[in-house]
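The chain below stands alone and is given as structure tokens, in the form predicted alone.
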């Protein structure tokens, strides 16, 4: 019997408990699935989506793995008591949700939907080109980024990707490094940011990046709020250098009501909805990953603390 503690917002427990129990049974694991414990030293595995930032993870002295319910590990890595192996969530439901969000907003910008919605006049000069005549750049081509990039490629867009290290044998054209970054920005009509928040990626879309972007380009950011220098982006939009931005993530959430993004007509704010963790698919991932660890096969999707993803 292994002890598994579910630590997340109270509202999630009744949604996850029966589904997790069924998935553990499929894996033929004898699990004592707990919502609370007075004996943290007895917990073998922690299913985690913290409701607070200051949890003391040091009390779990025999913990073998923390399985996050989130794709991004940056918030968890800020907890100074974290010493145990941490697995991020790689969930097919989450991936499909991100593809839906990204493709929907690529098409919004491609088709000039917002311009027509606000025009009040007959704009015959804004008929869009074919997707093959548009270049979409993905900054960040990990699990989620590459899935979205392939979807955009399959739709017919010209797709390029950029990452810190060059991706070999990728299904899209890939670039890396500072020169690659500028090359990608200079050719992209639409830029999608799906990078993790790390010291190396903070303010990646800043003054220099905006200047390097193609005139009239649009930005879609469902990655992390820290990737974007808000003042630089607003300046690029207000000057006409950039045509628009769709932003789903922010440094402070909920986004304060007095933030200038709300009043900027070329910005669409969405409330961190690009890709929610789905209970059914995430529970299957959790149970399978814990089962791998129990059987000595090694958990998947482990976070490298040095790289912070």
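Numbering follows the first chain given and starts at 1. What you see is a predicted model, and the numbers here were worked out from it, not measured in a lab.
One more form of this protein exists, namely the form predicted in complex with a small molecule; it is left out here, but the text below deals with it.
In the predicted complex, residue 246 stays away from the small molecule, with no heavy atom inside 4.5 Å. Among heavy atoms of residue 169, none comes within 4.5 Å of the small molecule in the predicted complex. Contact annotation: residue 164 falls within 4.5 Å of the small molecule in the predicted complex, judged by heavy atom distances. None of the heavy atoms of residue 190 is located within 4.5 Å of the small molecule in the predicted complex. In plain terms, the part of the chain that comes close to the small molecule in the predicted complex, with a heavy atom within 4.5 Å, is 143 to 151 out of 230 to 238, 143 to 151, 108 to 116, 212 to 220. Proximity to the small molecule in the predicted complex, defined as a heavy atom within 4.5 Å, singles out one entry of 99, 183, 71, 82, which is 71.
Think of it this way: in the predicted complex, the small molecule has a heavy atom of just one of 87, 159, 205, 195 within 4.5 Å, and the residue is 195.
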